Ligand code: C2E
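Shown below, as structure tokens, is a lone chain in the form predicted on its own; questions about how it binds or moves come after it.
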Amino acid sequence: MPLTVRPRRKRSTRIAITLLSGLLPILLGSVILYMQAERTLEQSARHTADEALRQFELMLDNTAQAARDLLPLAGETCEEVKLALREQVTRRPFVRSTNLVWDNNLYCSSLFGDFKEAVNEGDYHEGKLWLMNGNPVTPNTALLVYRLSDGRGGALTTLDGYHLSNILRLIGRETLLLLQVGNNWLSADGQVHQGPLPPLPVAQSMLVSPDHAFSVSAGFPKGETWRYMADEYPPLFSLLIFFGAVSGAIGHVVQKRSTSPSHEMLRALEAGEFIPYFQPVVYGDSKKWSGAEVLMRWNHPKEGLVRPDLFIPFAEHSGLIVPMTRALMQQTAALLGPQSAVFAQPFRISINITASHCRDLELVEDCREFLAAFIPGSISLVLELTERELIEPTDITLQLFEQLHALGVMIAIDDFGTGHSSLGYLRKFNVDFLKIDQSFVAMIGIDALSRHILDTIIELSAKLDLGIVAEGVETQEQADYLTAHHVNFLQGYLFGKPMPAAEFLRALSHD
């Protein structure tokens, strides 16, 4: 089978990925900070609008009270009530003037005494408030007029626009704050504008008074979010740039490492650096050696022995696992083949396979060559199905297992009980052995739930007439428990660690 190796990325692609790795945390961090700034500005606008609404309502409550006090006097002569009108102006801090109305005519004013001016109810929003841009006495100066009527009589009280704009300026110091009454609205510069309220570009918040006919809008000008970030977040931006630089450096290093391992592993395969280690498997009853599991190790010329979890997954992903397994089988046959004459009974040799081995029938030929190196009947070859990749029950897979069984090769499910497909393999494939994962063995005498799962697996194997191997046996207590439950084979540090070929052969000759 040809080796499939990922092509090395072009230099421009590597540079682009490095830049992207560096920019991504900066961009994501900036987005998060932007969203946080928006939330902060929204809270600020809401708080400002709420405070302004509260202040305006206090002023209008005071003004409305003045109108309520004066309304019973409507209809009396101006000479009789003008002192009462002026008294309200004196007592109420925000009231600029008071007026009485009869039959929609303003006839008495705290400013002028007797007065005559028609009152148009349509000028007042909801018949209550009129935000006007001054009067003949104070032109171009905002006034807020409060109207209260009862039958033919009525009372008008006015608020000086200075107080209104002062609130807009002081409370809205950091925001844009607007007061709206009907179709008129007041800005912080004291000017009254007609027409729809202009939208506030950032974090607009509008609150409507529940008691009086006005609303308050608060917000910020365009670009305020970025200005806020520039003022408040410089340390965080510095931190983002630092993380971006670190991420870019990591991306650069990872790319160098991700493009070179395939070449390095191919070199190691050609140099024969992938070597077999052997871990003994013993009979459950006699504890004598029944065989061994063949484990792959990488004897790197510089790094020494490389742990399998650091290279096996990449070998599977890159397509190198098949030729690496083939080389492992060839080395194992060369080492153990000459010893097969001394095997008193078939010696079980277990080798791991993955989904990559099940995509064609070449594994059958590899096993045939492996068995040919031994005296017929001296060994039993067991292939252990690992679950790092799911093995699909295709026509090729089913044909492969059928031909392997015809050769006398047995199939085991590795780490049974932990993978998502273990039970599916039992249903779809004709297997011979189950290997209990060491995580269940380790819980013997410690965790009742794991022990129950272990007992269930043992019971299942008995009902299906399958052999069972327990791996990871490290204590005598575990060995005794498994033996008492009639587990066929045991494997673990209690009986021997994975060992190089020379050490294994010496131990085998003395077994």
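On a predicted model such as this, the values are computed, not experimentally measured, just so you know. Throughout, we count residues from 1 along the sequence that is shown.
Not on display, but discussed next: the form predicted in complex with this ligand.
Candidate site formed by 284, 379 and 488: none of these residues places a non-hydrogen atom within 4.5 angstroms of this ligand in the predicted bound form. Looking at residue 309, you'd find a heavy atom of it within 4.5 angstroms of this ligand in the predicted bound form. Taking the partner from the other structure, this ligand in the predicted bound form has no heavy atom within 4.5 Å of any heavy atom of residue 320.
Looking at residue 293, you'd find a heavy atom of it within 4.5 angstroms of this ligand in the predicted bound form. Put simply, residue 60 is far from this ligand in the predicted bound form: not one heavy atom of it is within 4.5 Å. None of 338 to 346, 150 to 158, 294 to 302, 98 to 106 except one has non-hydrogen atoms within 4.5 angstroms of this ligand in the predicted bound form; the exception is 294 to 302. 352 is the sole member of 184, 110, 352, 332 with a non-hydrogen atom within 4.5 Å of this ligand in the predicted bound form. Of the candidates 37, 45, 473, 67, 473 is the one whose heavy atoms come within 4.5 Å of this ligand in the predicted bound form; the others do not.
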